[in-house]
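One chain comes next, on its own, written as C-alpha cells: the form predicted on its own.
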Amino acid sequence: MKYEYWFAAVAGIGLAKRMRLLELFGSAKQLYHTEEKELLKTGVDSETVTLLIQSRQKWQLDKEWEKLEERHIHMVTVEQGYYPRKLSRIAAAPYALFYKGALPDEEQKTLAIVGARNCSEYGRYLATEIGAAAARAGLQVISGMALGIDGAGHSGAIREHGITHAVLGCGVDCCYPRQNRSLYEALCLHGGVLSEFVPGTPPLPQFFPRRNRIISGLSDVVVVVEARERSGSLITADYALEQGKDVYAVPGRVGEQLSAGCNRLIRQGAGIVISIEDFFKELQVAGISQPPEQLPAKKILEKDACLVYSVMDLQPKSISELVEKTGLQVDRVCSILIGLENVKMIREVSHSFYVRSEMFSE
C-alpha cells in the first residue's frame, strides 16, 4: 500500500496514463523499483519517466504512509480486492480512493441525493425527508456534502441513524465547505467521506465534476431534488444515465430557475417523485429498496470512536477523564465527541461533561 500511495500521489499523470502504466508493470511496487532505462525501453514517454523518477527521489515511503495513518485516513486502489465493485464497472474509474470512516457496504443498495446549493426551504425539507426515508428503508445515502440539498440528504439519513457517505472534490482531510464541519464529523462516524484526490488537495472548481461520476458510480439510483438548467447535479444525472442507473427528479413550477434542471430531466424520461411514499414503493417494486433494518449506530463507529463510546455511560464524564481512560490525545477526543453528539449517541449535560443518550444505553 505504501507503493500504491506513492503512485496515486505522482502529480502530472492523467488517469488514462496511470492505468496504462499499471497495465505495463503490473503493480505500483514493480513500477517503483523499475530503473529509468527499463522504463524508457517499455515505451513510456520521457516526460512521464521524468515525473516518476523525480517523485521517487522526493517521496519517503514509510514517512508518508505514517502521516496518512496518523490522520486516520484509509486508502483502497484498483490493485486491492476490496475496491468497490460498483465503481470498478464505470468508465474512468479512479485508481485510488482515500476515505475516513468506512467505504459503502457492497451488499447494501445506495441512493444518491443531489441538488442545488442555494436551494429553497421546500427543497431542503424534501431532501432531508428523502434521506430519512432512505435510511429507514435500509438504503445507504450518498452525496457531495455541499451546502443545500446535498447536506440535507446526509442530515436526514443521520437523523434516522442510517449510513451515509460523501464524495469530496478535495482531499478527505479538507472539510469543504467549512460551514459543514459538524456534518463532516458526523459523516466520519455514520458512514464515511471519500475522495480520489490525495490528502492535502484543495477544493478547486475543476475537481467537482470529476467527483460527480463517483457519486453516481457508487449509487444504484440518483434523485435530483432541485437543480438549475446548468448545474453539477445534472452532470451527476448524466453520468448516472451513462452508467445505466435510474434517475428520478422532483418536478417544480414552470419558470422557476431551481426547477428548470429537474423539469428538463423529466422531459427527457427521468422518473418523477411526486410523493416520498410512492417513490420508495416504486423503488421496492424495482428491487432497490430493502426491508427496513435499523442498524445499531455503535456498530459502524471507527476504532477510536468505539473506544471513547465504550468508556461512557449515564454518569457524566469529563473530557480529561475520557482522555485518561482512552489514552487518546485531547483534540482527538474532542473531535470524536462532536461527531457522537451530532448523531445523538451522547449529549452534553454540563460544560465539557458528557453522557450516553438514553436511546443508545445498554
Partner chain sequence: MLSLYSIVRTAIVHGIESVPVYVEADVSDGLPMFEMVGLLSAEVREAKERVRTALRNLGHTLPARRITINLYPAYVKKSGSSYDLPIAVAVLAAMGVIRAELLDRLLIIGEIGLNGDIQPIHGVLPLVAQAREQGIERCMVPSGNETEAALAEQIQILPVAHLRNVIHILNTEEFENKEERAVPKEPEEKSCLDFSDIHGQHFVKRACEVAVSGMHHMLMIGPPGAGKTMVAKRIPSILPALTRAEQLELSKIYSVCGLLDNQSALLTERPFRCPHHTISPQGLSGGGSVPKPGEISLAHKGVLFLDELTEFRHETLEILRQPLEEHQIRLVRISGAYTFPADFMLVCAMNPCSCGYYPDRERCNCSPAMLERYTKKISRPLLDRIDICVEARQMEYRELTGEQKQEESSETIRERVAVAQERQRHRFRGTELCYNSRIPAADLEKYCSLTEKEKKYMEHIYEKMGLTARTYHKILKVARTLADMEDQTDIGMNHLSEAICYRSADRQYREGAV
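Predicted model, so just to flag it, every value in this text is computed and none were measured. Whichever C-alpha set is largest while still superposing within 1.5 Å between the two forms counts as the rigid core. Positions refer to the first chain, counted from 1.
A second form of this protein, the form predicted together with the partner chain, is not displayed here; the remarks below concern that form.
**Q** Please pick, from Glu256, Glu106, Glu229, Asp278, the one residue with any non-hydrogen atom lying within 4.5 angstroms of the partner chain in the model of the complex.
**A** It is Glu256.
**Q** Looking at Leu40, Cys334, Val311, Leu61, which is the one with a non-hydrogen atom within 4.5 Å of the partner chain in the model of the complex?
**A** Among Leu40, Cys334, Val311, Leu61, a heavy atom within 4.5 Å of the partner chain in the model of the complex occurs only for Cys334.
**Q** Given that the partner chain is not shown alongside this chain, does Gly151 nevertheless sit within 4.5 Å of it in the model of the complex, heavy atom to heavy atom?
**A** So Gly151 counts as contacting the partner chain.
**Q** State yes or no: in the model of the complex, is some non-hydrogen atom of Gln140 no more than 4.5 angstroms from a non-hydrogen atom of the partner chain?
**A** Gln140: no contact with the partner chain in the model of the complex.
**Q** Is Leu15 part of the interface with the partner chain in the model of the complex - any heavy atom within 4.5 Å?
**A** Heavy-atom contact with the partner chain at 4.5 Å: absent for Leu15.
**Q** Within 4.5 Å, heavy atoms only: does Gln80 come near the partner chain in the model of the complex?
**A** It does not: once the partner chain is placed as it appears in the model of the complex, Gln80 has no heavy atom within 4.5 Å of it.
**Q** Go through 216-224, 174-182, 202-210, 97-105 and give me the stretch that gets within 4.5 Å of the partner chain in the model of the complex, heavy atoms only.
**A** Comparing against the partner chain in the model of the complex, the contact stretch is 174-182.
**Q** Taking Ser27, Ser55 and Leu307 as the candidate spot, are all three within 4.5 angstroms of the partner chain in the model of the complex by heavy atoms?
**A** The answer is no; none of Ser27, Ser55 and Leu307 reaches the partner chain.
**Q** Using the arrangement in the model of the complex, list in sequence order the residues of 320-346 with any heavy atom within 4.5 angstroms of the partner chain.
**A** Stretch hits, in order: Ser320, Glu321, Val323, Glu324, Lys325, Val330, Asp331, Cys334, Ser335, Ile338, Glu341, Asn342.
**Q** Would you say whether Ala9 is displaced between this form and the one not shown, judging by a C-alpha shift of 2 Å or more on the superposed rigid core?
**A** No, the C-alpha position differs by under 2 Å between this form and the one not shown.
**Q** For Val349, state whether the C-alpha moves by 2 Å or more between this form and the one not shown after rigid core superposition.
**A** Yes, the C-alpha position differs by at least 2 Å between this form and the one not shown.
**Q** Would you tell me if Gly26 moves between this form and the one not shown by 2 Å or more at its C-alpha, with the rigid core held superposed?
**A** No, the C-alpha moves less than 2 Å.
**Q** Assuming the CA distance changes by 3 angstroms or more, are Leu328 and Tyr99 closer together or farther apart in the model of the complex compared with the shown structure?
**A** It is farther: in the model of the complex, the C-alpha atoms of Leu328 and Tyr99 lie at least 3 Å more apart than they do here.
**Q** With a change of at least 3 Å, which way does the C-alpha separation between Thr128 and Met345 go in the model of the complex: closer or farther?
**A** Here the pair is farther apart than in the model of the complex; there, closer.
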